[in-house]
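Below you will find one chain, with nothing else, as structure tokens; this is the form predicted alone, and questions on how it binds or moves follow later.
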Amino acid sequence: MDASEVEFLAEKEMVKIIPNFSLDKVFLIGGDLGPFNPGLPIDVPVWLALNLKQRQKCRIIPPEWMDVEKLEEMRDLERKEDMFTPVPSPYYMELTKLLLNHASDNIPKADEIRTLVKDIWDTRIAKLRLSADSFISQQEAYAKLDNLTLMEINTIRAFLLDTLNCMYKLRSNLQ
């Protein structure tokens, strides 16, 4: 799975919008959406919210966790803890990227949010690299990956697979 596939999965997450049009209920394979009424908030998938935003048919309301104070708390907790802390969304990085790239005018303090999410990402990836290094140096056979997102696992997957394959070959040759 590559980054674009993870982003595709993230687009199925629900986000709240305020439409500026009227439309009856829409029946889709993934579920029914609507009805849409001007000024009344409604939950829709991110892919639809971004499409409507590009056509200037709605205003996107950022998720509750996409707030400077909450992200600062999360960043500080992530830096303080040795283990990975729970994240507000399994797709926090992808959602931040999508919403800030396409709807930054609807998100207050967008630049600060972008910086904070990048700080959280960098901290988590540094922890992941340290964990992987420890895992490899101790020649472990398995690892517990609690509170990691799909994108974070995807980032280190190739390195870990190659390393584990090399360790397997070395162990096989010793026997």
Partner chain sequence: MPCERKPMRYGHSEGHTEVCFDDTGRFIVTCGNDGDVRIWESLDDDDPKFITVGEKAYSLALKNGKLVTASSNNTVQIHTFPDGDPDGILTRFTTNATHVAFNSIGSRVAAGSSDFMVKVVEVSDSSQQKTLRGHEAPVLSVTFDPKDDFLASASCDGSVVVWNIEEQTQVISWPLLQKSNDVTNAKSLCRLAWQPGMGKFLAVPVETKVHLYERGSWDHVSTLSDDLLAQPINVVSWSPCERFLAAGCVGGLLTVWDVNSKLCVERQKHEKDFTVCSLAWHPSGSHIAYTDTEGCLGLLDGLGTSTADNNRTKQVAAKNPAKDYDDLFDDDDDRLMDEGLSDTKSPAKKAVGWDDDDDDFLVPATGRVKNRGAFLDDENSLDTGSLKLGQDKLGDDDNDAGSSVAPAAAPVVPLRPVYEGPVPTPPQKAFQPGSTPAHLTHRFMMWNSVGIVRGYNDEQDNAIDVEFHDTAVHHAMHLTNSLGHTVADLSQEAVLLACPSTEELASKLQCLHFSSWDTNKEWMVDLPKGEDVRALCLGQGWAAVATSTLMIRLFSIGGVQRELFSLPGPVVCMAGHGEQLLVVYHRATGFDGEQALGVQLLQLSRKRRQLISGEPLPLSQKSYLSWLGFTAQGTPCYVDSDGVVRMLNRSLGNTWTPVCNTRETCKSKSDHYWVVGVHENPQQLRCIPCKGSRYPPTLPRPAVAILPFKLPLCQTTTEKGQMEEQFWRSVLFHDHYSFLSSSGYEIDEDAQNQSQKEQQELLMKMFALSCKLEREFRCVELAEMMTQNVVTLAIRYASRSRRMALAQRLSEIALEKSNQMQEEEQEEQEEEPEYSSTRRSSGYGHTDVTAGGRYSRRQNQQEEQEDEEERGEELMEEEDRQEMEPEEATETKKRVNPFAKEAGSPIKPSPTPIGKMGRANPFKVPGSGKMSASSGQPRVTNILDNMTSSKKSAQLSSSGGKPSKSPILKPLAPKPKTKTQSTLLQMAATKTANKKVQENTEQAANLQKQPDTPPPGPPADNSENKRPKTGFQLWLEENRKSILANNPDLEETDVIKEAMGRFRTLSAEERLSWTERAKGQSGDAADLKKRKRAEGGEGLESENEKAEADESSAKKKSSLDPSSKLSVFAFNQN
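Keep in mind that this is a model prediction, so the values were computed, not measured. Residue numbers count along the first chain shown, from 1.
Beyond what is shown, the protein has a form predicted in complex with its partner chain; the following relates to that form.
Participant: For T115, is any heavy atom within 4.5 Å of its partner chain in the predicted bound form, or not?
Facilitator: Answer no; every heavy atom of T115 is more than 4.5 Å from its partner chain in the predicted bound form.
Participant: Looking at the partner-bound form in the predicted bound form, is L40 within 4.5 Å of its partner chain by any heavy atom?
Facilitator: Judged by the heavy-atom cut-off of 4.5 Å, L40 is in contact with its partner chain in the predicted bound form.
Participant: Taking 4.5 angstroms as the cut-off for heavy atoms, does L148 touch its partner chain in the predicted bound form?
Facilitator: No, L148 sits far enough from its partner chain in the predicted bound form that none of its heavy atoms falls within 4.5 Å.
Participant: Just checking whether I61 would be counted as a contact of its partner chain in the predicted bound form - the rule being heavy atoms within 4.5 angstroms.
Facilitator: Yes, contact at 4.5 Å.
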